[in-house]
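In structure tokens, one chain follows: the form predicted on its own.
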Amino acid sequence: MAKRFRKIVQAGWGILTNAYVRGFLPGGPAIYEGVLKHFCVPGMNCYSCPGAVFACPIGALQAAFSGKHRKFPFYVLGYLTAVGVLAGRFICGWLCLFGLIQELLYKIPTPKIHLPKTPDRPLRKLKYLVLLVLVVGLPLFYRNRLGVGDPFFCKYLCPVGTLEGGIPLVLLNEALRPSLSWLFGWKMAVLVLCIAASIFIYRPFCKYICPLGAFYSLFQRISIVRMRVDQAACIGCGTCEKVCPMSVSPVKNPNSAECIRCTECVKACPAHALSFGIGGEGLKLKNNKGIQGK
């Protein structure tokens, strides 16, 4: 029931932040540009989606960095830092529509791939490189002849933008179709690859590519919302590590940079040694297993 509740929250948040129904209607404005677009959602959500009511923080960062006058994004960075300090990667596990889509794809009954630690650990560093190079570095320092930069991540890589913005806009606006270039084909290929990978690997975009997850992970160990371990109660059974979809050991590293706060480990712990909550106050989630082997 708890797992279903998290997915309901994810889906509900996705609907709420993409609630501009008029954008999907024939003859309606393609993209909402009202006052709410001046505010960012905490998770990935494409600005160009016809239903998007708010802005994407990664898109807003790049818009500031790539602008002709290179304005420092005090609002966006301050906002993201506040969210990171408050919740860390809780946002990834509970308020990301693309994360939910990946999880649902992973439920398709196929053999699953669990990468060995040797390739997995270096690959997880890739999202920090994406953040540093594609979101910050190139938009900030690269300039074309007009003195303007490019939003490299959104333009060349982001599968969220293709799924939520690119595809709906092309389907709803026939006039856009003749102008499609190799770039749209490239972005479609990235999206298809991400979708295919999600069937076999749990949240591959979140693990290896997402720059927003990389940013929030920097605050995991100091975030107010956090995981805690009662070492006296722990029986060392390893159940928490086995059920963790992100391949984290909650006992050894309860606030790992890779933890998305899904609480699967808390629910599975037979000794109720794990808790999830605010500061020093942990919330013990119920399970049906009881204490074993102590």
Partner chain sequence: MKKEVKPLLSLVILAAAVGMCIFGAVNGEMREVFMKAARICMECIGLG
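Numbering follows the first chain given and starts at 1. Fair warning: this is a prediction, and the values are worked out from it, not measured in the lab.
This protein has a second form, the form predicted together with the partner chain, left out of what is shown; the following refers to that one.
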| property | result |
| --- | --- |
| Heavy atom within 4.5 Å of the partner chain in the predicted bound form - the one residue of 183, 196, 108, 113 that qualifies | 183 |
| Sole residue of 97, 134, 201, 76 within 4.5 Å of the partner chain in the predicted bound form, by heavy atom | 76 |
| Among 165-173, 88-96, 126-134, 113-121, the region lying within 4.5 Å of the partner chain in the predicted bound form by heavy atom distance | 165-173 |
| Residue contact check: residue 68 to the partner chain in the predicted bound form, 4.5 Å heavy atom | no |
| Any non-hydrogen atom of residue 266 within 4.5 angstroms of the partner chain in the predicted bound form | no |
| Residue 221, heavy atom within 4.5 angstroms of the partner chain in the predicted bound form | yes |
| Heavy atom of residue 155 within 4.5 Å of the partner chain in the predicted bound form | yes |
| Contacts with the partner chain in the predicted bound form, stretch 41-60 (heavy atom within 4.5 Å) | 46, 47, 48, 55, 60 |
